[in-house]
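There is one chain below, alone, in structure tokens, taken in the form predicted on its own.
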Amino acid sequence: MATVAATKPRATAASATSRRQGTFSRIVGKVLFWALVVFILIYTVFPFLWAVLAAIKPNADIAATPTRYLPSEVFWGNLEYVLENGDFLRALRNSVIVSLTTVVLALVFGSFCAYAMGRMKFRGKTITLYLILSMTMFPAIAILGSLFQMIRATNLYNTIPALVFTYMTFTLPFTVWVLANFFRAMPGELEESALVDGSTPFQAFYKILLPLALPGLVTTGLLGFIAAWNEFLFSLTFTNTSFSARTVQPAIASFSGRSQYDEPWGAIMAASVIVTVPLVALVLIFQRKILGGLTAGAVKG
């Protein structure tokens, strides 16, 4: 009896020690988790915050040594310079036209091709899919020369259609690959029921399957828009001698200072903030569709 009574206090003490260790481990885990979250947040947000602060800094604050993180005064001259710059506003309009046109064409042609790849059976389908995927692996500089020859041969140089045509080279394959997974994951009974009810295959596609693929359409459309909006190399190459069709990225790179050795960092940062805000707004508006689009096609329905 004495031995049993002596064992109970030791067991109780060991249990209390184990609970304290478990509580301590949970606290340490939460602290490390939130520290990692704060680090990632600062790491991702700081560049954009720095651009915003630089956009409203006087030039003396931007060039100050040591670095001055906060502006000594709010200076709106950089934003006024950008918003009054006719070349920049024209380039901003061109970027909207080129990006939207590229996305619409990629979704229209890509959805038809993805439906065939995801729902139909034919010889060589797997090889074709991997060929489409391989087209997205080539760096832009590798195909720049051949595209330049094609654009010059078709008299599209220094035009907006030239940019739309070249942007489709990386937007369309990505769209087909992603949407094909969506259509493949949809239950076959949906299409069979529509066909039994008298629908044609095309009606079953755009009335039944296409609305169900809306998260994928939003995701691929938004990613394609961001890629076209941020593209620099093709726009600079195919509109090199004319500002009329130039998009916003090379337009920002062509900003000049008041003198030969003056680099207008304030104006560049202000323009960068202006062209980044629409992308941030689109992601915030469609964030649920984006999450659904990134996961819906990952599991067989």
Partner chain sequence: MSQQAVPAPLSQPTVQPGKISEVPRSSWAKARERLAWLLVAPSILIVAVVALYPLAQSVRLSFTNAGLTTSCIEDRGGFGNARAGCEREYVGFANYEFLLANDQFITAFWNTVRFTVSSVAIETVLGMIVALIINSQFKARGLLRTAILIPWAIPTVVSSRLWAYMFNDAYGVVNDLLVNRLPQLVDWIPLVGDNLAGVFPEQKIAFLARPEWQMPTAIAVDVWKTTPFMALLLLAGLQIIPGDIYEASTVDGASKWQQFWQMTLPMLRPALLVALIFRTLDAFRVFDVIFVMFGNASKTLTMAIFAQQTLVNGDRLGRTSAASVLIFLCIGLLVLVYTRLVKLEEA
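As the structure is a computational prediction, the values presented were derived from the model and not from experiment. Numbering follows the first chain given and starts at 1. If you superpose the two forms and keep the largest set of C-alpha atoms that fall within 1.5 Å, you have the rigid core.
Below, we refer to the form predicted together with the partner chain, which is not included among the displayed structures.
Here is the short version: of Phe165, Phe75, Phe88, Phe225, the single residue with a heavy atom within 4.5 Å of the partner chain in the model of the complex is Phe165.
Stretch-level contact check against the partner chain in the model of the complex with heavy atoms at 4.5 Å: of 94 to 102, 178 to 186, 75 to 83, 148 to 156, the positive one is 148 to 156.
Though the partner is left out of this view, Val28 does not reach within 4.5 Å of the partner chain in the model of the complex, counting heavy atoms only.
The closest non-hydrogen atom of Thr239 lies beyond 4.5 Å of the partner chain in the model of the complex. In the model of the complex, none of the heavy atoms of Ser193 sits within 4.5 Å of a heavy atom of the partner chain. At the 4.5 Å threshold, heavy atoms of Lys207 stay clear of the partner chain in the model of the complex, well away from it. Along 127 to 149, a non-hydrogen atom within 4.5 Å of the partner chain in the model of the complex is carried by Thr128, Leu131, Met135, Met137, Phe138, Pro139, Ile141, Ala142, Ile143, Leu144, Gly145, Ser146, Leu147, Phe148, Gln149, in order along the sequence. A movement of the C-alpha atom of Ser242 falling short of 2 angstroms is seen between the shown form and the other one when the two forms are aligned on their rigid core. Comparing the forms between the shown form and the other one on their rigid core, the Cα displacement of Leu53 stays under 2 Å. Core-superposed comparison between the shown form and the other one: the Cα of Ala63 travels 2 Å or more.
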